[in-house]
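Just one chain follows, in the form predicted alone, and it is written as structure tokens.
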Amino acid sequence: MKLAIAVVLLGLQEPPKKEEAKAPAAKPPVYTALVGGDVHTISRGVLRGATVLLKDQKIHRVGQALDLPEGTITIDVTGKRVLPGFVAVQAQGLALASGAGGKVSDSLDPFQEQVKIALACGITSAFIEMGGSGGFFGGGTPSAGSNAVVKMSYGALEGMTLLEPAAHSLQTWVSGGAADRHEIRQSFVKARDLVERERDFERRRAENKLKPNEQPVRAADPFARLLKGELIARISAPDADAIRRALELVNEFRFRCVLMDVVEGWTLPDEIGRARAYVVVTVRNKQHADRRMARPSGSSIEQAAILRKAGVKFAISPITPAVTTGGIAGRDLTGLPIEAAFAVRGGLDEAAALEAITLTAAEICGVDARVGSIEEGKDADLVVLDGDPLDYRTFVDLTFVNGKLLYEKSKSSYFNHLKGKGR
């Protein structure tokens, strides 16, 4: 009997527990400090002899005489300039695999040679667009293909896509016929009704006034997203007539819009400012005035300065929105700061010129919460220059993307044989 009871009690005992697998220890953060440089924060002016402390992929702290955590990797940049990485508001083929199609994020090539060159020139993010047939588009008429804002994170696909989609083309409103404009306008009218219904649903749900089994309303098509401010439109509008036509639509439906390839924006800056439209200009895009017109026409090197005075936010783009090693030097994306320098020649102040290729460019691309300025919590996308950012003799010494040093002039095959002559 005692033996039977012992057997029963043994069966009731809990089986021996297996040793629980220990969770892997969290990796300690990696701190990197750029010490002693003149830091162009863009959003808060210039900090002389300051330190930018990076923590993994983010900017951790910015200021003078910072206390650095133990083990911080320190890089002396005394006498140099530290800026946020340059942002290209339009780029042709950059970071895309040859013959790619479909979504941009599915077609990225993190080992593309042009990405290396972009880093050597200080570009860390770019808006790229892809045609439905796989062709590349940058500059000229915005296409209806897929688009995204992409980081130049050479060798790392993860985290390369910043935002997709980043914009919606409404080009046929300007370049199409009456039927195209009617279709676009009707799409906005339908989307406006859907957005109003969605907002009414959300308001009644917050007030506990929904009907039994009432289904939510979701406005998610591109036109609804434009009206809700989730997307920005792009329209190529070089001349005054195209600008006015684009602004008609913007003023009627009140959505965010970027006017691309603008040449004659200087002739009606107040109208653009009242519509709160963004503008992309190419300072050296020379077009002669049309003598047959009574109104001002053609290009003006003062366009950027005039737009700035009217409160218009603008970005600057070169004549050729591609990374090339041939053609006319300084006219492609490798000369992005040089294009900004020509705006200064036209009367724009230097701070605004830098803003046009960093923070405002990031805002136009919809990624200013993460890049475009040196602020705590933003992505650690930085460039270190050996001189004045707008001096044609200045070279990029270092380029960081997501806190990683991806370009170092002294160790790269690009430009390391040339001596910088920046101030």
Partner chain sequence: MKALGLLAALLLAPGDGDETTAITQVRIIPVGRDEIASGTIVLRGGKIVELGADVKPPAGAALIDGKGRVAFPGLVHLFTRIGTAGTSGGGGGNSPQNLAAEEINPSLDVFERLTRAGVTVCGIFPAGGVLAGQGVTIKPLGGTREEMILDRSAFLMVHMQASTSAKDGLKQAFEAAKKAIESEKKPAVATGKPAEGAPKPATPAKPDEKTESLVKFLKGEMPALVAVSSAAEILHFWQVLEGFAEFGKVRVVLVAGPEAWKAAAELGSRKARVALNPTLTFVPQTRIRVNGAAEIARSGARLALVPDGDSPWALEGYLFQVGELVKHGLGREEALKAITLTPAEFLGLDKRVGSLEAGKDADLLLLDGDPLSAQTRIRRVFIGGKVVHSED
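For clarity, every value in this text was computed on a predicted model and none was experimentally measured. Numbering follows the first chain given and starts at 1.
A second form of this protein, the form predicted together with the partner chain, is not displayed here; the remarks below concern that form.
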| query | Heavy atoms within 4.5 Å of the partner chain in the predicted bound form: which stretch among 103-111, 251-259, 197-205, 212-220? | reply | 103-111
| Given that the partner chain is left out here, which of 173, 266, 154, 278 has a heavy atom within 4.5 Å of it in the predicted bound form? | 154
| Here the chain is shown alone; which of 97, 232, 163, 306 has a heavy atom within 4.5 Å of the partner chain in the predicted bound form? | 97
